[in-house]
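Given next, in structure tokens, is a single chain: the form predicted alone.
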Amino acid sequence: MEERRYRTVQNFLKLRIQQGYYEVGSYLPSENGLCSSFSITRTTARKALAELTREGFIERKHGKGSIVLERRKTLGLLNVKGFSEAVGKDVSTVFLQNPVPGNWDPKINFTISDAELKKSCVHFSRLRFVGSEPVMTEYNWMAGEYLKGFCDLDFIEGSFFKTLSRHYHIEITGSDHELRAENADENKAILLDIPIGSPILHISVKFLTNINNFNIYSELYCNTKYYPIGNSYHI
């Protein structure tokens, strides 16, 4: 009974965070407040908050309460956090292809599961800038089954991950990635404003989520001459 009750409170608060009702930097109700609202014990309230802390949604601050965090779960080489936060404020993004239904692309380096291949695909691509300098092109594919209306949405604060979280309650839980050095072909050279044959870094990422058989496949091509790849990336 206690486990069901703390899960109920945990899931309620998580949903409110995902929907933006509790914004990043704001505080959740106190333990006493939760006890009163849900008619639960302090032990149950603490367990619910502990699980939210473990999942990276909040941080407990002694004497202050539970503050809502921008989720930055480390994914090996890459972190899920804002692109502007990763490289500075002078950044921008241009869609090369707005989200549209389409086909799974053979350029995806990770093996797509049979269950995903049976589903319709949604894809989009973007060019990322620092100042006036193009630094990365990204191409993304995912099954469209759980993304009703996605192609008509504006990304929340330009963030694909925030949009998934708030609109669809889809969270990134991990990733697999591969890195390789390549020479820029004509198309990538034009997009990144570099000579054909220039060295670029190609990163293939398979983002895992809390939805079974819903993964996000990304192919990134980076000009690292002036902006080396660190431990942060936003999609």
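Throughout, rigid core stands for the largest set of C-alpha atoms superposing within 1.5 Å between the two forms. Sequential numbering from 1, following the sequence displayed. None of these values were measured; they are calculated from a predicted model.
The protein also exists as the form predicted together with the DNA; that form is not presented, and the subsequent description refers to it.
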Point to revise | The unique member of His169, His177, Arg46, Lys188 whose heavy atoms fall within 4.5 Å of the DNA in the predicted complex | key: Arg46
Practice item. Could you tell me which stretch in 188-196, 169-177, 54-62, 206-214 has residues with non-hydrogen atoms within 4.5 Å of the DNA in the predicted complex? Key: 54-62
Point to revise | Any non-hydrogen atom of Ile40 within 4.5 angstroms of the DNA in the predicted complex | key: yes
Practice item. Look at Asn32 and decide if its Cα position differs by 2 Å or more between the shown form and the other one after superposing on the rigid core. Key: yes
**Study point:** Residue shift check between the shown form and the other one, rigid core fit, Val9 Cα at least 2 Å
**Key:** yes
